[in-house]
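Taking the form predicted on its own, here's one chain by itself in structure tokens.
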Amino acid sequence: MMDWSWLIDGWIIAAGAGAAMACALPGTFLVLRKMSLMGDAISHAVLPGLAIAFLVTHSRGVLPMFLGAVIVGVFTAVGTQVITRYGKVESGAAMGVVFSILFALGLVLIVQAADHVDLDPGCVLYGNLSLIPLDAPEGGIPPAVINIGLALLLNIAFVCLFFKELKICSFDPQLATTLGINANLMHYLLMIVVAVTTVASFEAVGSILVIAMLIVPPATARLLSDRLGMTLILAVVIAAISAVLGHVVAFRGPVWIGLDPSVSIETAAMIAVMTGVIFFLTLLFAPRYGLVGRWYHRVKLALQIVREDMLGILYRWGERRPDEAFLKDDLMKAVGRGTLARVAFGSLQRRRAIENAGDNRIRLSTAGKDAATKLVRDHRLWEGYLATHFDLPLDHLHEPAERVEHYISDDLSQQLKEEMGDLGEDPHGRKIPD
């Protein structure tokens, strides 16, 4: 007998991945517009629209569900703005007022609707992803997968058609208005798309877990890219990966940890968990905005500053006493950074910027002199610039120049030289090296 389990798993993954990717596209703009709570509000507030559609039509037809969700979704967005403007409360509080009331009303109506139509309140809240393949006609595609696929195509078309308008409205609504773009219209169109996507995802992941799909993949992508196009692509890819991993972990995870193979975990919930796992891993290890990456760059910069401070001290010592090497212990005390100073000293040794002069003394090598010369040159040029353009007293020049010298690029150094001309000496009368 042929094993059809692969097809069942395929439809589950297709539904989960489709819902996650469909949610990630409008969710990216919610994150950029700092309206993440609006996705939460709409996903909960559309429940009364669904319930009323059920009570009126006695059907779970796609069109009544979408119409009910869209109407209530737009009402949520409008109501939030009205309360914010006239109720003198901030937008987050206004969203809380609107969606909490509508959500409670939706739960009451859903319970009433459940007595008259084939509606499971738990399915609306938590989804029923694992049972979606059972609704497929023989040899056909499950209806939920079709609905999710249509929502995904709608969102792709919406983003492609209005990419420029969405981009401008997300970052600067006032600029959009001056350019002739109706920022309010784009806002309500985005809310409609969010409402439609939420309804399409209900049967797969439910109204509660859809929030993770709307917000977490875009927030993860935002940590990885500063470009909108790449952020959208990454959000969709992360959503798809989360769906696949979530299904695999839900069905194989109990076996991996030694539980009874008959034990299973709800796939939709595990997909949401995996989005969180990927987010926290990205938060830790993202190249630019990750916590580990930022810590690494801070340590790297601090190490660079200590190295350059050591080079500057040795250079100035060589100016005053060219025939006498500098004591290593005195150099470590002058820098005063403990472990960081020892690491920086070892780094200078590996780079052969300093050389041993015997008797625990050190001096600059040829390569070290080149680096130290540029550092001191930039320092003294900056002192000359400050003295010329800001008329600062002499005792106020060294400290700001000592801070800035570590960040002066070659181009800025050349501009300083052209600006100051043949200055020759800094304001303290010390030669500016070439």
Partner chain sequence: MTPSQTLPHDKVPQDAVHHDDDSPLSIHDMTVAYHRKPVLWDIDYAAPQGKLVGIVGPNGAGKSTLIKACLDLVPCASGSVRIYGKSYKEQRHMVGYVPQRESVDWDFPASALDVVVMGRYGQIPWCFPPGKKDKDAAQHALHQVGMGDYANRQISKLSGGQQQRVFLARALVQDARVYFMDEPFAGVDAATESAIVTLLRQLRERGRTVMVVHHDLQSVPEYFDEVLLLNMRIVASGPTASVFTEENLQKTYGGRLTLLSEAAEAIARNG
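Numbering follows the first chain given and starts at 1. Since this is a predicted model, take the numbers as computed values, not measurements.
Keep in mind the form predicted together with the partner chain is missing from the figure; the text below concerns it.
Participant: Please tell me which of 266, 355, 330, 165 lies within 4.5 Å of the partner chain in the predicted bound form, judged by heavy atoms.
Facilitator: Going through each option in turn, the one that passes is 165.
Participant: Just give me the single entry in 90, 359, 324, 226 that has a non-hydrogen atom within 4.5 angstroms of the partner chain in the predicted bound form.
Facilitator: It is 226.
Participant: Examine residue 170 and determine whether its closest non-hydrogen atom to the partner chain in the predicted bound form is within 4.5 angstroms.
Facilitator: Contact check for residue 170: yes, within 4.5 Å of the partner chain in the predicted bound form.
Participant: Is the gap between residue 304 and the partner chain in the predicted bound form 4.5 Å or less for some heavy atom pair?
Facilitator: Because no heavy atom of residue 304 falls inside 4.5 Å of the partner chain in the predicted bound form, the answer is no.
Participant: Does the 4.5 Å heavy atom contact test between residue 289 and the partner chain in the predicted bound form come out positive?
Facilitator: Close contact exists here: in the predicted bound form, residue 289 approaches the partner chain to within 4.5 Å, heavy atoms only.
Participant: Under a 4.5 Å heavy atom criterion, is residue 316 part of the interface with the partner chain in the predicted bound form?
Facilitator: The answer is no: residue 316 has no heavy atom within 4.5 Å of the partner chain.
Participant: Just one of 307-315, 181-189, 234-242, 277-285 has residues with a heavy atom within 4.5 Å of the partner chain in the predicted bound form, so point it out.
Facilitator: It is the stretch 181-189.
Participant: Judged by heavy atoms and a 4.5 Å cut-off, are 34, 85 and 177 together in contact with the partner chain in the predicted bound form?
Facilitator: So, yes: the whole triplet contacts the partner chain.
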